[in-house]
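Here you'll find one protein chain in two forms, each presented separately as structure tokens under the names structure 1 and structure 2.
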Structure 1
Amino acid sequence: MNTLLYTLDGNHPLQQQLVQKLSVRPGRFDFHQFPDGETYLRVYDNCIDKQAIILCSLNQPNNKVMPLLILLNTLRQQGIKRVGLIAPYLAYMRQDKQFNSGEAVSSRYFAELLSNQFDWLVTVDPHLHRYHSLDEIYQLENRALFAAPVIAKWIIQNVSMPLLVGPDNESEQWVAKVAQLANAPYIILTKHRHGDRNVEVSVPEVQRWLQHTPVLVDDIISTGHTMQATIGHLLDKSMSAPVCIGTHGIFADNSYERLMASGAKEIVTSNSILHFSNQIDLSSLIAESVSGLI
């Protein structure tokens, strides 16, 4: 069965490589907004007896949902039998419980919306905080891929004497894994509370690491507040300017500029979301997984 790959965010950096690595054809379509804000969309392919992949990173998700559902439904109407979604960045994973009564658990509603419409889903480093697996909320065939190996590979190739740094105990599992894969040491910052407002953050064995390049790794760089604070703590202790790595560079509230101004040596992201900081290519990771689904 022939497979067509439709890229909803037009210039997505993964498009061309996925087309090559999966040996699929790029789907041809266009869409635009009518003056009244509705989406017009037209598919130009013969879809009979074909299957489709839609590639769309779901950062800034609200405005993408209607075009995404319209594309999906148009493909089905044109005869496509099976439609999968590659969302290198998956949205609405954070509101995973009611912190206060009456709060929306939007992760569940969003999961239901996509599950009802797509046949399969592939994503990278979804924000699985309280959920252990996408299967807890997504009722469709899915793959949650880990970027840690490709991040580790980038560190090995680009950072001399890397020292992975986790900002708190919660981050240890993830930081330890990247450190192991990069064959590098890691430390976790510790907080000492002196009274209500006085929290001291210390860097363990700081003298031992002064020659290393600190590397901060997170799944998402959104507002970047935690990373920004961590940079401050490291520089306070006279450590070198750290390299900041995020799988997904959301960069809300000008966080790229803020992190650089705070003393980051460099900020690096994967190409899950188009940004000039993209240095880590996810195409092989995604292609390998998707080839088992089409």
Structure 2
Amino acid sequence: MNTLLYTLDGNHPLQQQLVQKLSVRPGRFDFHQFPDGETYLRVYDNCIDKQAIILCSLNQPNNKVMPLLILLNTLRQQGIKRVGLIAPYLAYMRQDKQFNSGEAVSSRYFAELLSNQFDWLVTVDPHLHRYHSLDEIYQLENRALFAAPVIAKWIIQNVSMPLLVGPDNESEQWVAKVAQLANAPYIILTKHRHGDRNVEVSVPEVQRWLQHTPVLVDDIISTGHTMQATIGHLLDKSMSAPVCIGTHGIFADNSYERLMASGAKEIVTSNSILHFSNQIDLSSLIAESVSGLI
């Protein structure tokens, strides 16, 4: 086997599935932080004439980027000629415009950093709002995969009479695709964000959907404030407890616990970020794309 797969984010269940589907070998390395916060790393594999893949979802990116770069450069020093990055969750995509003078458009800076280091990138459901594709800011071979088919499959298998609920107008195209694949109706909320943790939502008329199970779908569950507000509105309108689905479960500020306490029936995420809510498997989707790059 000429390809080694290293996992830097602790998502060993996903690594094991990718090892099997791609017929690659798991990479062996030691990695820890010194008390002063600096990183120690040692690679144990013979890397000559091989290529490498690093699996690392980039939630909490400020804690992961330096170890990621150290691993990458150690592999190159050891003789690896080609290194690709599987980042199921790709950070720094939401800062895509300078709204006020002096603001950092950090999506572009982060894209330049990764583009200068890696040979290719595979990610899932990147937050493409003002960018039409990753090619607008990433200068390396890339694949932006969409989780809609596997999310729809999970809904079909697990939810009776689903009504999909999208968080805002930006999500409508994505939610409509999931709804189409799941053969389910959908509605879209109106959202007004007043800050990182202050979100106001309004729910359209839902009387005709009272027999359905609401399924709140979003690409990212971060603070969960939008979903939490939506749950309250839906319950006030006598709808059943909703299922919450996110491609990427970041769950900042104890948002998983708060969503469950607010009345969610269930919270489901993909295995892009390791969490006990993982029920939607991305390994086949990722493996199919990566197989064309190695």
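All of these numbers come straight from a predicted model, not from anything done at the bench. By rigid core we mean the largest C-alpha set that fits within 1.5 Å across both forms. All residue numbers here refer to structure 1's sequence, counted from 1.
Structure 2, not structure 1, represents the form predicted on its own. S23 shows a C-alpha shift below 2 Å between structures 1 and 2 [criterion: core-superposed Cα displacement of 2 Å]. Core-superposed comparison between structures 1 and 2: CA of H12 displaced by 2 Å or more.
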